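Next come structure tokens for two forms of one protein chain, structure 1 first, structure 2 second.
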Structure 1
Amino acid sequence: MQDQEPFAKLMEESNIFLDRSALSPHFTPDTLLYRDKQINSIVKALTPSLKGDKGRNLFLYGAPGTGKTSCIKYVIDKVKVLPLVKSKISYMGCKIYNSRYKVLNKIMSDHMPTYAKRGYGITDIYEKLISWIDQDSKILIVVLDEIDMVKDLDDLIYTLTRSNSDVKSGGITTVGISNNVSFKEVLDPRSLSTLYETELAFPPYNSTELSDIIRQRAKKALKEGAIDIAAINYAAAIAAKENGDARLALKMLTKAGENAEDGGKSKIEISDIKEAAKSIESDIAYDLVAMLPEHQKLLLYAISLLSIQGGKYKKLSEEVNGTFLLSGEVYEKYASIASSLKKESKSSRWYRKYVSDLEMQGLIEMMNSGKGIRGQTKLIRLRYPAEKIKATIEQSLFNDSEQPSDQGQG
């Protein structure tokens, strides 16, 4: 009989954790700290819809970990128990429901599950949806989390907004959520004009706010006395430097608790936070890569390939300690990859914007070319291992039959 000791240890009571789920990004606390203003704005924007009138579309944006999803879920949970609410709600994460068909079918699954299982096409689903709304003048609130993940977003927005013209009474209110502030600028102008009626920004948390958020979660997630206040403040300071990301802070706390437990401790200390921060920094980066819009992924893919190959100016890279690439060669590689995938590359103006976005998110760094290169240009360097970035993008963006044909070329 095999040794049961490793399995028996799994069932032992934790020295650190009381309710680990309270540190999950999917957990919504009873009180959301430092987000009263945003919650009130969401409620104000959705109130007409909740009363049965056509409401305003709403767009929430901000960096990852700033409370967008938590706030909308908090409002939805509160609304569901209110009497006399005249609207129906469908919430979905668009990393999974990433096409117009999947979104419409999810709506049907939420409210007409028997019909959704029959495998109808978009036209049939749309007509059934319009009929369902017309029955009793419903208002449907569709919440699209990470809306920029939808591949045919213009088509989806057109369909949802067109429904308000096709129904006799009732309608659809759309709530879009995105980590990428600039994604809206690549939408068709007609989609843009119909989607953005109310916008709400979520600023990053500062270190004091993050410290309070960590302390709030720790009270529920950890045993009493299982963490030093100094460790909480240290984790908050690290997360504040990383765009005020509360999810990073909570992930750090989880990992630190596991490290402390593995070391036989009953208390999380600063040393555990430091160790956790090192191990999860790259994980956060790769999660962020997977969430990027398509063309930013293609651009980052080009940078990773050129970084592996060394680029055209290897001598320069050696002099400045790392693989720096000329902005022009990166754009050429990006355009070549897009073409090989039968996608139209964006203009140089959009390219510059995408590069700026990637720099803001800490995935690349940039510097001016300086002396030794004819003319002035930007130099670009990847901040994470190129092979890992390349593999992450291939997993999240390409399928086996859709690998870029030029990926091995210089």
Structure 2
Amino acid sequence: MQDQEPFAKLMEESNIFLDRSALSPHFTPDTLLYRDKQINSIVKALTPSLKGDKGRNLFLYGAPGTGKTSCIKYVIDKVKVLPLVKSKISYMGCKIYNSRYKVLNKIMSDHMPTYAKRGYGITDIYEKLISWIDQDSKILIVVLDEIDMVKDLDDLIYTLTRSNSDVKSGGITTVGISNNVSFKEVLDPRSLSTLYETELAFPPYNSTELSDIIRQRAKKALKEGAIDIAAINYAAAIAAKENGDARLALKMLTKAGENAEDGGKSKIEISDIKEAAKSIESDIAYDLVAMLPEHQKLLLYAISLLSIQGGKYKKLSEEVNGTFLLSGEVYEKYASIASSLKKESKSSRWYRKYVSDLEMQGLIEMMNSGKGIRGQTKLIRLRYPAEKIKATIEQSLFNDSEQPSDQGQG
């Protein structure tokens, strides 16, 4: 018989957790603290649409973890139980529904599932949607969460806008949500004026607010006495510095709880929070890497490969200066990786912009070489373990199929 010992641990009761599911990212708490104003504004903005008139479009924006998704889901859950004859709602996360076609198809599968299954093209879907709205003057509220992930966003906005002139009655109201505060600047001006008819900002939480949010969740998720207010405030202070992100605060609480549990303790201590904060910092970095635009990924890939192989600077300088790389060799490596992937490499002007973007995101650090090395040059160093950055990029960029051929030699 197999050894049962590893499985026995699974059945053991936790000293820390009471209800782990309350810490899952999918959990919506019964009350959202400090968001009354936002919830009221959403309801107010959507009221005409919910009453059957074509209301104004709404745009929610704010940094990650400021409660945008929770607030809209909260409102949707509340209005879903009302007897709304003419209004229909479709919510979707655009990380998955990331094109006009996928968005329209999702609307179909929400409201006309049998039609959606037949796999029609975009023109047919559009016509069907228009006639469905016309049938009894429906108002469709389309909620596009993380809307900046939609690849052909201008086309999507155009189609949604156009639908309002193609229908005889009824219409579509759009609710756009973005984590990206400067999203406005990249939008086509016409899409922008459509989307931003009404806008609503979600400010970052301060440490007092975060402390209350953590406490509220800890009450549900942890056993009594498993954490005290000092540890909660400590976690809140860290999350407040990290852009007031409630998701991060709750993640920290979860990890700290796991740390305490692994240590056989029945109470989360400040040291557990500290440890959790450290591992989360690198998680955030790897998430950031996976979201970088293509050429910045290629550039960071070049930096990680050179860091593993050891750059020229290391060979030139006597001091053990770790893995500082010469800006010039990084550019060469980047260009050769791009060409081995049959992608046109960007000019050195773009290269300098990308390097400074990566620096601003805290992924690399830069230093002037000082005198000595062929005049002045910039030195670049990766701030996270090169192997792990390399693996992260390979996973998100190459989908195991097309690895650049130039990896080995350096």
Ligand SMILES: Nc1ncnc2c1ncn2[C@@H]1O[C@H](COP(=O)(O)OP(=O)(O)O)[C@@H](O)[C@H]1O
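Everything numeric here is computed off the predicted structure, so don't read it as measured data. Under this definition, the rigid core comprises the largest set of C-alpha atoms superposing within 1.5 Å between the forms. Numbering runs along the sequence of structure 1, starting at 1.
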{"query": "Number of the structure representing the form predicted on its own", "finding": "1"}
{"query": "Among K265, S279, S131, P203, the one marking the hinge of the rigid-body motion between structure 1 and structure 2", "finding": "S279"}
{"query": "Rotation (degrees) of the lesser rigid unit against the larger between structure 1 and structure 2", "finding": "22"}
{"query": "Angstrom shift of the Cα atom of Y384 between structure 1 and structure 2 (superposition on rigid core)", "finding": "4.8"}
{"query": "Per-residue Cα shift, S356, between structure 1 and structure 2 [Å; core superposed]", "finding": "9.2"}
